[in-house]
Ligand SMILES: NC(=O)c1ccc[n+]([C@@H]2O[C@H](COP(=O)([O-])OP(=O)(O)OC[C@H]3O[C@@H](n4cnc5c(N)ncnc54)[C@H](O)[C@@H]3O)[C@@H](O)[C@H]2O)c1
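The chain below stands alone and is given as C-alpha cells, in the form predicted alone.
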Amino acid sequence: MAKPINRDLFELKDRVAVVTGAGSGLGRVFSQALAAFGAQVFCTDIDLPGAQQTADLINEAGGSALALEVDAADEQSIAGFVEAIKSAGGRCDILINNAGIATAKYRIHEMPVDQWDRLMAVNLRGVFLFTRAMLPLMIKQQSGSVINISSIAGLGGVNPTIPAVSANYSSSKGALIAFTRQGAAEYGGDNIRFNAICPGWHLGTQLGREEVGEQTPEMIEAFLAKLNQLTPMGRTGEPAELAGLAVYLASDASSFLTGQVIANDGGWSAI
C-alpha cells in the first residue's frame, strides 16, 4: 500500500547538512531553510564571522547550526573539516556546494590567467574537493543529497552587453552541470542523489562585488533595468526565492530525482 502523502515529505529532522559559502547571500538562505525544516547545519565559509552570523540567526530562531572556517579551495582545510564532522557524529545527509566567486569582467582574450585559475580553484576544484570528502560518509549511510549551485551562465552564453559574467565564471558553472550528472550516474546505486540549481539574476548577494566596485551608480541602474527587461517575469529574483527548491532537493520529496538541472530564473532560460 502506498504511503500517505503529507508534509513529512519535506521533513529534515535528524539530518545533517553541510553548506559551503554559508556566510552570506544564497548560502545563508540555504542554511536557514534547511534548519527551518529540522536539519542540523554546518555553516562553512572562509569568512568565519559571516558563517557565525548565519549560525547565530539559525540558533536564535530555534534551529541547530555550527559555524566553521573552511576554505573550499584548500584540501587541508577541508580535511580538517572532515575530522570535525566525524567528531560530531560522522554524518552528512545533505551537501550544498554553494561557495563561489566571480572576478571582474574580462573578455576571453583579455583575461589574466591568474584570474581564470583563482576562480576555478573555488568554483570547480572546491566543489570537487568538498564532494569527494563527504561522499565516503554518504556511501557508508547509503543515502545523501548533493546539491550543486550552478548558474544560468552555465546553460548558455551571456550577451556581452550585460557586464556581469566572464568566461571563467560561465565555464566553471557549465562544468558543474557535467559534474552533477556524472555524480548522479556514479552514485545512484548508493542512493546518493546529485542535482544542480541554476539561479538566474538573484540580487542581494556578494557574488558580483568585484565587478560592481568598478561601476558607477548610473551604470548599475542601467544594468538592473536591462535585466528586468530581458527577464519574462519583469524583475530580478530575491535570494529567499531559492529556499523552497533547496529544501525540495534535500528532502524525500525529491527521492527519485537525480542528475537534474533546474533553472530558477524568472523565465530567463525559456527564451
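Residue numbers run from 1 along the displayed sequence. Not measured: the values here are computed from a predicted model.
The following text describes the form predicted in complex with this ligand, which does not appear among the structures shown.
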Worksheet item: Among 109 to 117, 134 to 142, 194 to 202, 180 to 188, which stretch sits within 4.5 Å of this ligand in the model of the complex, heavy atoms only?
Response: 194 to 202
Worksheet item: Counting only non-hydrogen atoms and a 4.5 angstroms cut-off, does S24 reach this ligand in the model of the complex?
Response: yes
Discussion item. Please tell me whether any heavy atom belonging to I46 falls inside 4.5 Å of a heavy atom of this ligand, as the geometry stands in the model of the complex.
Written reply: yes
Discussion item. Can you work out whether A99 and this ligand are in contact in the model of the complex, taking contact to mean some heavy atom pair no more than 4.5 Å apart?
Written reply: yes
Discussion item. Whether D71 contacts this ligand in the model of the complex should be assessed with a 4.5 Å heavy atom distance threshold; does it?
Written reply: yes
Practice prompt. Output the sequence-ordered list of residues from 126 to 163 with at least one heavy atom within 4.5 Å of this ligand in the model of the complex.
Written response: I149, S150, S151
